[in-house]
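Shown next as structure tokens: one chain only, the form predicted alone.
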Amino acid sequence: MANYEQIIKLSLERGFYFPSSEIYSDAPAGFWEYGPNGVNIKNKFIDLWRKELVRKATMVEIDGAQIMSENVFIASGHIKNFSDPIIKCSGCKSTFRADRFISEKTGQEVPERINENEINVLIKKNNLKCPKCDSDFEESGRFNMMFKLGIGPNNDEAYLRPETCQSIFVDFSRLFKVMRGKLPFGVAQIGKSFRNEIAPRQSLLRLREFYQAEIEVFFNKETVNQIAGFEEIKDVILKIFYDDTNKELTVQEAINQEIIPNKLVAYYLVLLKQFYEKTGIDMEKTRFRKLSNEEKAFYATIAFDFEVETSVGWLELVACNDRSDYDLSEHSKTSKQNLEVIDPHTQTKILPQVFELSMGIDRSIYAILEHSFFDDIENERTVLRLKPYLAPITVGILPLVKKDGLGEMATKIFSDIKRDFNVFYDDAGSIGRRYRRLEEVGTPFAITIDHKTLEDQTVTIRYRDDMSQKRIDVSKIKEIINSLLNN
């Protein structure tokens, strides 16, 4: 497994991701862009998410607007509650996020929801000063992280969404009606969210503009333990960090001990675990952390974070929140629209509860890259051991030399398969160096065209992980690669 600096170096040099507007000195922090290899792995990650979560659990997917009216965020509570604690230097006026600053300087865990009085006490108790000019801090405050916009000539107030899920909530009654919904009813969405972070850092790990994959499951609280498919997953073992202790429990044991509240929540936690097992992340370095009341978001009654251990510590990839009926209730009050629906199973009219799986795509991709990185010292190579179906380039096409008709044959093979796979054609440099370039971006297969190809219409397929090679018929390249990807 790599460290953070190795992944940054790889990403910049091999076109995974890089800072936005980097040629300008005034480029703001917290905005990063995906290069060609990054786009490919991101798209394949999303395809896997759709396959293993959205389609597997029979959800519907929408694509909501990124700009929404002020009333949406009054109802959601973001205008009032979506803020971070800050401290400002009385001298140079530098601003810091209070909870993180105190944690870094004292080693003490400080919850995000700490109030201003408690911050002031900790600053004074630990005699903390501005690291830039050694001045005292002013009284602490709060900073709302939403980006405010003005729409049209009248500059009507609106906001860039800080999370994708609000469009799911405001669209719920229409979606339930037109899709002939039955509870539990899952709605998914992929899209960008925007948060005006005080101190964005560590590339994809803390961004001001980022991708989310969110799932909101609407359910009847009276039937949360009547979940189809639960018997199939009740003996799955989950790693749960709870009360400062790591526990490994079956799903049924976690429910019996009231660590997991019900079968519905358990079912979706298992789906999430099974999804990440297919991404190549080392599952021994993952856990569900049950959040305390001080750590939970303002809308959550019960919350778990799915976390992965990385070189920069434990990293939250997915927030799993029981949001109760908070969202639909608040939107109903603010919009004065009745958002109740009839549950076909119970024939009762209810305002559904919501369980949420809010996934950070960028962080997930970073974790996959770090966990897949392998420094093969024995063979003097760097390898990204990505799952073949997630690799940004599936196969490299490499003519041994450009002359003697090998270049033309390689070009024909490239043209024949480029619509089926992500293919890279490379005829520059030694064949060994070309193998290394492909391995460094995770390409699982390389096709080499040599003089024997012209004689018998066979090529060499080389496997990334063990460097083994095998001759196959040109006519079977597509079939063999498809078989390898499916396995």
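The shown structure was predicted, so the numbers you read here are calculated from the model rather than taken from an experiment. Counting begins at 1, following the sequence as shown.
Beyond the structure shown, there is the form predicted together with the RNA, which is absent from this document and is the topic of what follows.
A.B. asks: Only one of 415 to 423, 37 to 45, 433 to 441, 50 to 58 has heavy atoms within 4.5 Å of the RNA in the predicted bound form; I'd like to know which.
C.D. replies: Going through the listed ranges, the match is 433 to 441.
A.B. asks: Only one of 325, 309, 84, 343 comes within 4.5 Å of the RNA in the predicted bound form by heavy atoms, so just point that one out.
C.D. replies: Among 325, 309, 84, 343, a heavy atom within 4.5 Å of the RNA in the predicted bound form occurs only for 84.
A.B. asks: 368, 227, 198, 249: which sits within 4.5 Å of the RNA in the predicted bound form by any heavy atom?
C.D. replies: Among 368, 227, 198, 249, a heavy atom within 4.5 Å of the RNA in the predicted bound form occurs only for 198.
A.B. asks: Any of the heavy atoms of residue 219 lying within 4.5 Å of the RNA in the predicted bound form?
C.D. replies: Result no; residue 219 lies far from the RNA in the predicted bound form.
A.B. asks: Please run the contact check for residue 271 against the RNA in the predicted bound form: heavy atoms, 4.5 angstroms, yes or no?
C.D. replies: Judged by the heavy-atom cut-off of 4.5 Å, residue 271 is well away from the RNA in the predicted bound form.
A.B. asks: So in the predicted bound form, is the RNA close enough to residue 206 to count as touching (4.5 Å, heavy atoms)?
C.D. replies: Yes, residue 206 is a contact residue.
A.B. asks: Do residue 212 and the RNA come within 4.5 Å of each other in the predicted bound form, heavy atoms counted?
C.D. replies: Yes.
A.B. asks: Can you tell me which bits of 226 to 243 touch the RNA in the predicted bound form, meaning any heavy atom within 4.5 Å?
C.D. replies: Nothing in the stretch sits within 4.5 Å of the partner.
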